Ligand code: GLA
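Single chain ahead, written as structure tokens, the form predicted on its own.
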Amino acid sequence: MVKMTPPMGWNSWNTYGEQINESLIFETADALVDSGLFAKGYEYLVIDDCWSLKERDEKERLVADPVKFPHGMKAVADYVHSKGLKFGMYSCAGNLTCAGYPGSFEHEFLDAETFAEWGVDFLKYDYCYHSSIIHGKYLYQRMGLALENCGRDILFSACSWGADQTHEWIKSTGASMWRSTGDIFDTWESIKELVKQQNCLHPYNAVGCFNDMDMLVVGMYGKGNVGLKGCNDTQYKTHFSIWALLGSPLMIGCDVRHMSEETKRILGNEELILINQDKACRQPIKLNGFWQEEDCIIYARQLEHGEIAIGLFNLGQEATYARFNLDELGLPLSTGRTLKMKELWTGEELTVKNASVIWKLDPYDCAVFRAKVEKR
């Protein structure tokens, strides 16, 4: 599969871990549609680890846990498809999955065929218990080739956590998205750490093979499998904004059956989703800024039709000012051009004067603009 924009959807791991079952998946499919999130682009519903029995059957095939999924995975896929959604599942490049269930090592073609028969549209492929003598690029090439030959269009989500210099070889595997980080947790410290890991990886995010900064923790509030301390709504807003601006896949991790209104507002921000899904998929640039605090980060990204997305992010616990000059965006005063900017959370509009921007940011807060070039 060649995916032209970052995939969007929901994954079971962040909230539920091993506590998954058929009823939960049916209810989640209903909630994705009824909440309006599906209509905004969240199309994949993905079951993560812990869905199978601990052993394969006599034909070496994976078997869905009959207690958790009494009607089998084909029935689950059929229900998800009946809602208009696409169905995703999980396996691993090792002998075992991260939770100790059978992995797909040396069963790649058989498992790909099984997933195709069940109606799977998306495969998250993890990296636990993998061979220590076979390089990861070969393990992911195996499954990529198996999926391409299984008879069904299945999106390949490579989850090797950035290990073994993933960015250098992942495009050779057929993966449509690739994890560049370790696991996210529902804490501000985790979000901040993942953001700071991205500085050297921006050139490796492109059409057909998107840099996955891991699933969203928006709306978890410390509950669930990776809940830990939780975050506040301002932090969740900034978390979502960075993922959207940098072009990461947007995979929801909270319980969509019981979302707060603010969680719905954050996840459903159509202007941010449009930036994330911009068809040009151009590389973001990190601006140097002026008198910039260490925890104040400024990113810009050229969009199609000559517009620019600009994100100002305060990762620190004190209020600060984001400052930058337009010459960093190719618009010095000598061009006779400036920017007309719209902030995408408040709707506030401004035209930049004197080729410089100064914007106050509260602790953990952000401002994201869509900007148009116009004559001064």
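What you see is a predicted model; the values in this text were computed from it and never measured. Numbers for residues come from their place in the sequence shown, where the first is 1.
Same protein, other form: the form predicted together with alpha-D-galactopyranose (GLA), not shown, and the subject of what follows.
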query = If you check F115, Y90, F87, Y140 against alpha-D-galactopyranose (GLA) in the predicted complex, which one has a heavy atom within 4.5 Å?
reply = Y90
request  = Could you work out which of L267, V76, M215, L123 is the residue within 4.5 angstroms of alpha-D-galactopyranose (GLA) in the predicted complex, going by heavy atoms?
outcome  = M215
ask   = Taking 4.5 angstroms as the cut-off for heavy atoms, does E262 touch alpha-D-galactopyranose (GLA) in the predicted complex?
value = no
message = If we define contact as a non-hydrogen atom of the residue within 4.5 angstroms of the partner, is W10 a contact of alpha-D-galactopyranose (GLA) in the predicted complex?
response = no
message = Residue-level contact is defined here as any heavy atom of the residue lying within 4.5 Å of alpha-D-galactopyranose (GLA) in the predicted complex; does H239 satisfy this criterion?
response = no
query = Any of the heavy atoms of W161 lying within 4.5 Å of alpha-D-galactopyranose (GLA) in the predicted complex?
reply = yes
ask   = Three residues, D49, A99 and R179; all within 4.5 Å of alpha-D-galactopyranose (GLA) in the predicted complex via heavy atoms?
value = yes
ask   = Can you pick the stretch from 164 to 172, 123 to 131, 294 to 302, 244 to 252 whose heavy atoms fall within 4.5 Å of alpha-D-galactopyranose (GLA) in the predicted complex?
value = 123 to 131
key: Heavy atom within 4.5 Å of alpha-D-galactopyranose (GLA) in the predicted complex - qualifying residues of 283 to 321   = none
